[in-house]
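Starting off, we have a lone chain in the form predicted alone, written out as structure tokens.
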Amino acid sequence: MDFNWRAWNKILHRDIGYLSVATVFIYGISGLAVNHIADWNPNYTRQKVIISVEPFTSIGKEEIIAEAKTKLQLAEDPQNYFRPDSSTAQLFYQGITYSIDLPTGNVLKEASPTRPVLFEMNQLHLNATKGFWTYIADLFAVALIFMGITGLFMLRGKTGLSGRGKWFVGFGVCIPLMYWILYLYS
């Protein structure tokens, strides 16, 4: 009985591809997001809201905090407090900053909530969680290498590697090589 390596190649390529498809989407979407990190923050949105309340009459730290909690309906004390100048007080909460213009009562509320789903994808892609995910990411990397190699031998003849496939593989190798050479010598 002969070992049919081509049949096993197709079976393993197909099944490992099915197992990997969700992770391929996660890494692909996250890769697009983090590649453009200079243009936007793929993990957090930036929200700014102006709130108008009555002008503040207090001048001491504890009094300003108490007055702000009442006027802004805040349940707890801030994690930090700062006075950048005599007419401004800043209250810092988890993910939210209130900048209060004391004489006018105008408050700039700035928040940075996470982008749903994309934040989690980026955490997986960048292996921010470390731990067990490192092993999953390593297995995924091995699966990608395996699928790349087995994909070379999926087709035969003029559409396979010995035919037009060799030109695509050659061009595919040239793209990162040319970029690398240009990057090094420019």
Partner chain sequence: MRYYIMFLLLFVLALNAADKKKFGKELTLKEKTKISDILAAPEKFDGTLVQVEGAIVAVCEHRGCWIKISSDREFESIRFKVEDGVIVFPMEIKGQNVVAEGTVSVKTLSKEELIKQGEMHAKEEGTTFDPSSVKGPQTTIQLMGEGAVVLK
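Positions refer to the first chain, counted from 1. Heads up, when I say rigid core I mean the largest set of C-alphas that superpose within 1.5 Å between the two forms. Keep in mind that this is a model prediction, so the values were computed, not measured.
Same protein, other form: the form predicted together with the partner chain, not shown, and the subject of what follows.
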Please tell me whether the candidate spot formed by F82, Q94 and W133 is one where all three residues come within 4.5 Å of the partner chain in the predicted bound form (heavy atoms).
yes
In the predicted bound form, does A141 have a heavy atom within 4.5 Å of the partner chain?
no
Residue-level contact is defined here as any heavy atom of the residue lying within 4.5 Å of the partner chain in the predicted bound form; does S30 satisfy this criterion?
no
Check K48 for me: does it contact the partner chain in the predicted bound form (non-hydrogen atoms, 4.5 angstroms)?
yes
Does A66 reach the partner chain in the predicted bound form if we count a contact as any heavy atom within 4.5 Å?
no
Which one, 124-132, 153-161, 66-74, 49-57, holds residues whose non-hydrogen atoms are within 4.5 Å of the partner chain in the predicted bound form?
124-132
Taking only heavy atoms into account, state which residues of 40-61 are within 4.5 Å of the partner chain in the predicted bound form, ordered by sequence.
W40, N41, N43, Y44, R46, K48
Is_shifted L124 between the shown form and the other one (CA, 2 Å cut-off, rigid core)
no
How about I65 - superposed on the rigid core, does its CA move between the shown form and the other one by 2 Å or more?
yes
